[in-house]
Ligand SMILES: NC(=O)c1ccc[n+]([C@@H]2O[C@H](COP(=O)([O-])OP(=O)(O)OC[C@H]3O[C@@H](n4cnc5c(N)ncnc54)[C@H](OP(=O)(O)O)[C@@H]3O)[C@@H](O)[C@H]2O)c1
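What follows is a single chain, given as structure tokens, in the form predicted alone.
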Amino acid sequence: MFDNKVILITGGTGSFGKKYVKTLLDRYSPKKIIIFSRDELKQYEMQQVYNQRCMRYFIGDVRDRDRLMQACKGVDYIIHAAALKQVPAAEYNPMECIKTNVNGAENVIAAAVANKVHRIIALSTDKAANPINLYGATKLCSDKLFVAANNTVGEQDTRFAVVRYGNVVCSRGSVIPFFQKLVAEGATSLPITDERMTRFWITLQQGVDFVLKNFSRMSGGEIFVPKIPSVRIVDLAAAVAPKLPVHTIGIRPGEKVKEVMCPEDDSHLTFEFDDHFVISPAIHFNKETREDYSQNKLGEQGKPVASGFSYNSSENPVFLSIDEIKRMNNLE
């Protein structure tokens, strides 16, 4: 699918972008991979590892539509991974988060349509479902923009979809590296926000593979949600430091006790497949016909979920044990 194609990754110097590039290079022979991001140091460091002839590094910000227009010339596929993601930072700097996550999404869409890009997938987050923090609210706006963008393409073969998943194992700013840092510094206990707290858990490679496959599955307008396990925050602490007690510090600004990926209010739009869910668009892109989202482009068949269904991290049927957390996070 990606052989001899041009792929652009916004925010491509992040954890996801690096793993995505490695996977593309291992499995395909792309014509170009364009890393579009604003940090010259991170681009320089990434270039020391990924310096193949197909690699291109563009300094640019998704807030800058003109630069995106230039970067998207001749591009076949876009993965939109650029975002401001830290929940507390977004609460204290709301307009900066809006400029990147909402206005930036609009700019990516405009550049993709203008340059007739074939397929675009935007990365979302569980925090975009029933959001209570600004980060989640901006990503919900972004999701809505990318879904609605399928209305703007006219007769051209440009399609947009969204991938939504939960916490990524050991990504920058995640809790396990934070716990490990405290242990290394001699902490006598580990801080947790709430003993009831649960989260969805996915490895970086699983996230990359899910995005790759959904380029083949998508018709346009879907929100793809993988079926992944949950973890309890107390089990994470026990996996990192089984001999240390925990102490509760209270929920941080904009934080939830449990995360949701398929909200109850969208149950009438949601289809369940073997290894994922699809939230179909609430709007019609064509007045004459409506896409059948119960079957995807790979021929996989889904079924409607029950009315009132919610896919959330506390009621998830699959939880990782402490031993499984250790293996998944290389803690043994």
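Bear in mind that the values here come from a model prediction, so they are computed numbers and not experimental data. In case it trips you up, residue 1 is the first one in the sequence shown, and so on.
Missing here is the form predicted in complex with the ligand; even so, the following discussion is about that form.
Taking the ligand as it sits in the predicted complex, is Thr23 in contact with it (heavy atom to heavy atom, 4.5 Å or less)?
No, Thr23 sits far enough from the ligand in the predicted complex that none of its heavy atoms falls within 4.5 Å.
With a cut-off of 4.5 Å between heavy atoms, is Arg38 one of the residues that contacts the ligand in the predicted complex?
Because a heavy atom of Arg38 falls inside 4.5 Å of the ligand in the predicted complex, the answer is yes.
Please run the contact check for Arg67 against the ligand in the predicted complex: heavy atoms, 4.5 angstroms, yes or no?
No.
In the predicted complex, does Asn312 come within 4.5 Å of the ligand, counting heavy atoms only?
Asn312 lies outside the contact set for the ligand.
Looking at Ala82, Val162, Val231, Ala112, which has any heavy atom no more than 4.5 Å from the ligand in the predicted complex?
Exactly one residue meets the criterion: Ala82.
Val75, Ala237, Ala129, Leu123: which sits within 4.5 Å of the ligand in the predicted complex by any heavy atom?
The residue from Val75, Ala237, Ala129, Leu123 that makes the contact is Leu123.
Stretch from 242-250, 113-121, 83-91, 189-197 whose residues place a heavy atom within 4.5 Å of the ligand in the predicted complex
Residues of 83-91 come within 4.5 Å of the partner.
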